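The chain below stands alone and is given in structure tokens; this is the form predicted alone.
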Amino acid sequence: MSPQPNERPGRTIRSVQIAFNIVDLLQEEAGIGVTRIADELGHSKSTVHSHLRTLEERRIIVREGDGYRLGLCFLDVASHVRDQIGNFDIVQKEVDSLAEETGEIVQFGVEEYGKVSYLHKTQGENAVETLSRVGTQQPMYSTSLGKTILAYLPPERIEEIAAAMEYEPKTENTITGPEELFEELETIREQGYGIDDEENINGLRCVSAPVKNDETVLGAISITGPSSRFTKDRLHGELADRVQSAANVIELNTKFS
């Protein structure tokens, strides 16, 4: 696997890796115990137990009966991370407003480690269920948020991310290589918005607009819905206009806040 952008080669600490692997596993399945964790991670029970005791002592995890779950301290960590995004309140207000107006899913994403990370998501009254949730990541090449952000990054950063990505086909419409991606990015820059035409999930379409501060792209805002409602005419017309308008509001309020 190619190294991800922003990853720095060098020595790593095995015990820290084990501790975070335990945290990741408990995020996926709360309530599991020492034996299950040891089996899943391929470590001895004594090794896992010592790491669990350390994490429990630091109040990172909580023991309940014979199992463990993540501690509520992660709520504070998440709130702190969110607050590091200087314009989060502005983003949240506009995402919520657009979801209420359209009745669909509206999301805001930023680039991190060569992927699009979801910062905020709101579901309107007619929204369909999707797997994305705040804090998770998706590939940049198969999502409208990812492609739209990528289109406005500095050229050297675009090259770095494009070279590191593994172009796994999600659907028959997914971009499958750098050359096709670069053509799509040029189209996005020309029209001012990007689309996901059932490229990440069959039956789902999405349109995104970049949010910039002068020449720096801060992220992108998107509207997502079923292809039955998101016809191509509507995608490139009404919905593209709505998402570009929302992006402009965020940009203006960020600049003058």
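Position 1 is the first residue in the sequence shown; the rest follow in order. For clarity, every value in this text was computed on a predicted model and none was experimentally measured. Throughout, rigid core stands for the largest set of C-alpha atoms superposing within 1.5 Å between the two forms.
Just so you know, the form predicted together with the DNA exists too; it's not on screen, but the next bit is about it.
Of the residues 69, 189, 49, 229, just one reaches the DNA in the model of the complex with a heavy atom at 4.5 Å or closer; this is 49. By the criterion of a heavy atom within 4.5 Å, residue 53 is counted among the residues contacting the DNA in the model of the complex. Contact annotation: residue 30 falls outside 4.5 Å of the DNA in the model of the complex, judged by heavy atom distances. The DNA in the model of the complex comes within 4.5 Å of no heavy atom belonging to residue 212. Interface residue remark: residue 34 is counted as part of the site for the DNA in the model of the complex, having a heavy atom within 4.5 Å. For the three residues 98, 121 and 123, a heavy atom within 4.5 Å of the DNA turns up in the model of the complex in no case. Partner contacts here mean any heavy atom within 4.5 Å of the DNA in the model of the complex, and among 189-197, 36-44, 219-227, 202-210 they occur only in 36-44. A displacement of less than 2 angstroms separates the C-alpha positions of residue 227 between this form and the one not shown, with the rigid core held in common. After superposing the rigid core, the C-alpha of residue 18 moves by 2 Å or more between this form and the one not shown.
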